[in-house]
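Shown here is one chain on its own, the form predicted on its own, set out as structure tokens.
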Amino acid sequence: MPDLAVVHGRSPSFYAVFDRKEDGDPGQTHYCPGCGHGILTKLLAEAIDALGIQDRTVLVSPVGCSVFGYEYLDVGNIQAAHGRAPAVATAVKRSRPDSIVISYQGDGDLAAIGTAEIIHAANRGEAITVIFVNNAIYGMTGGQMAPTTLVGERSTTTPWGRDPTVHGYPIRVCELLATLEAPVHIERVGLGSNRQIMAAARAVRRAIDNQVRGLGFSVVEVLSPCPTIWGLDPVEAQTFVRDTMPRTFPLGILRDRTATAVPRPPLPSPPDPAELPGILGLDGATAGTTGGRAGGPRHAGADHRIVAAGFGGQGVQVLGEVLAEAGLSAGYHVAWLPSYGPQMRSGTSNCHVRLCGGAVDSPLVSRPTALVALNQPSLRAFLPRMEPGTLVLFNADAVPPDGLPRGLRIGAVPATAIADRLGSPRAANMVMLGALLEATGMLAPGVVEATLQRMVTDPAWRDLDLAALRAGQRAARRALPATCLHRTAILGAPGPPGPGPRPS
């Protein structure tokens, strides 16, 4: 009897044993009998082997049955949030351009919550390969209608069948992407017969090879059976893919520019981290303060946590930005977290600012050391959160006589009236900032003045803001009680103006 040779076996790109599975037989996959994911994963592994790219490949798989890919494929694996695989793949490819990045997504992921992600990645022509598994249903989460569910097909959310007048029509993703200029290769294949599977294998390999050659964005949509959720046996499910689904999703190539496409030029290299202060205009601003970045001995242990609040149009966000930029110039680690409503004017507006001597663990300020309230609704809204000893500065002639928590260091600064006398009530935010600096000493006034010189390009507004800042300091010395003026050592020193103008 002649010796027998094995001519077909497990792909080297598969793990020998699926040890990452938390349950069941480590020699078997999670996929149901007849599931297209099992076939497609095999085709994907064979393409990786044929192209010799196993050590360069990164598979990005999000929520859904595609999430199991990391348990079976012995390549780099990254899990992404639902629908976000193209964005994650973009980041990986741009940061590691020599890698081969494959986004592996289902229809409930790519064509629903991920619609914007895939359209914009394709429109940019990102040099990634997208494998899109279309089984016309939400398979993992219980059989709800997907964007690709066929008209008339039943699901748990369309028990009487998909009705276009109620649910809309199935979304043809490949046709949508084919209207864009950037994609190089767009093709739809199926897994409904051996012949279709052979065509799918060629399409998957070609799409990945386009990336190996540096040609740009490729997507392969794969019509795939889901016997369990469809309620069909595997043979019936495969017949449905072969005969029924192509009536809605025609098979074929919708875009093929591989013969004429040229390799994409490499993206500019990112700057060296040592160059960032100069690029951001911070090298001169930090000179003479702490001797460089935050964490110097004069900032050791510092953690200033400020909440500024008012209504839209009062400049609350600008106050926070100026404070954060000045803190950065003085050598602090800084966070600025804005929050505001949709209204251009009169809506709520507040921001959280942290100036720390070490790393900022969270931009959210839950235990403020200071509250700057530019109107009474903001004062009332935030006062219950203040702990005893917190500094509270209120834009008014006097502190409200009632309803105030005990133990606060609270004082009134008539910032709007002061700013109005200077030329515009819109400068009240800088008056309050000046009062905050005077009360806390967290920054030398010169640092903030240098920041305003850099950020405010209109000379008239710049002069007004500087005058308001100084007026706020004077008002704090004159109007605030001694309990509000618990000064710490002045930190930082003014730096020369730098680039980066912003509107006031």
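The first residue of the sequence shown is number 1, and the count goes up from there. From a predicted model like this one, the values you see are computed outputs, not experimental measurements.
There is also a form predicted in complex with a small molecule; it is not shown, and the following applies to it.
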Options 362 to 370, 153 to 161, 106 to 114, 200 to 208; stretch whose heavy atom lies within 4.5 Å of the small molecule in the predicted complex: 106 to 114
Candidate from A309, A261, M140, A396 lying within 4.5 Å of the small molecule in the predicted complex - any heavy atom: M140
Partner-contacting position among I48, C65, L443, A439 - heavy atom within 4.5 Å of the small molecule in the predicted complex: C65
Site test, R305, S349 and R385 vs the small molecule in the predicted complex, non-hydrogen atom cutoff 4.5 Å: no
Interface membership of R454, the small molecule in the predicted complex, 4.5 Å heavy atom rule: no
Exercise: R96 in contact with the small molecule in the predicted complex, heavy atom 4.5 Å: no
Non-hydrogen atom contact S218 with the small molecule in the predicted complex at 4.5 angstroms: no
is_contact(H82, the small molecule) in the predicted complex, heavy atom dist at most 4.5 Å: yes
